[in-house]
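Starting off, we have a lone chain in the form predicted alone, written out as structure tokens.
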Amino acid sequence: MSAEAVLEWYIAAGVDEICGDKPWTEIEKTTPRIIPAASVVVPPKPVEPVRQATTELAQATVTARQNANDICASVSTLEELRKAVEDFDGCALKLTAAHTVFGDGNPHARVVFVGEAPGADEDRIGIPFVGRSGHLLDKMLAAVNIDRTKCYICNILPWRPPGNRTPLDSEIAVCLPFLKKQIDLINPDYIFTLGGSAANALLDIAESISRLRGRWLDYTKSDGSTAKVLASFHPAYLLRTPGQKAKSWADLLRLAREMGIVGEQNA
């Protein structure tokens, strides 16, 4: 459109003022300036810390287990071992236990009975298998003519887990050298484990007690000699499940026959 036509259009539209100093025809035609978009600054990705090969708990367990092994290597009698275990600070269970429950019985026993951990009564008195489970075990042994005073009885753990909870793998790993040292010092011919946890820990396997019980296994001592192992139910389990007592009875008879205490005619 010509300038005249534009002016006529403005006048017709009612425009009678201007807003600039120059007529629109003199305004330089310029290329609009393109404002670049603001640069988006991406913060650097935080550097993740290098993951340790072992956790602090795992490292503490390894250290405590090594200390336990060193202690066991330095003692030569059960009394020395008992004192060393009572002074040992590598297992947190000791902080919540009332007593260290070391093994009890004949230091020259032919058979060692191994349980899982002390209960409330054992923790209070400081002797293994003195509560309801212990009373039942005494009756079971007497029934097959096994004299408890001629046996040795101990647990995987010398300290009671709070609330009788299941022991942690780390706790078993730390305390296992003490159990193995007791067995080395006693040098038994037979080991009777009470419950699957005791058998699995001692033999380093992972089997249910229903699959383990009823068959002889071998435990190798530090000098290379072996002891025959027979696994059975824990007396605490039998108190909760009386229907399984017949199987434990059969297991004890098998032990007594092997030891020559009960003949086939008495089984």
Ligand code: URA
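All residue numbers refer to positions in the sequence shown, first residue = 1. Predicted model, so just to flag it, every value in this text is computed and none were measured.
The same protein also has a form predicted in complex with the ligand, omitted here; what follows describes it.
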Even though the partner isn't displayed, in the model of the complex is residue 117 close enough to the ligand, meaning a heavy atom within 4.5 Å? yes
Answer yes if any heavy atom of residue 213 is within 4.5 Å of a heavy atom of the ligand in the model of the complex; otherwise answer no. no
May I ask you to check whether residue 155 falls inside a 4.5 Å heavy atom distance of the ligand in the model of the complex? yes
Spell out, yes or no, whether the shortest heavy atom distance between residue 113 and the ligand in the model of the complex is within 4.5 Å. no
Per contact check vs the ligand in the model of the complex (non-hydrogen atom within 4.5 angstroms), the hit among 139 to 147, 76 to 84, 125 to 133, 175 to 183 is 125 to 133
Residue by residue through 224 to 241, which ones have a non-hydrogen atom no more than 4.5 angstroms from the ligand in the model of the complex? 234
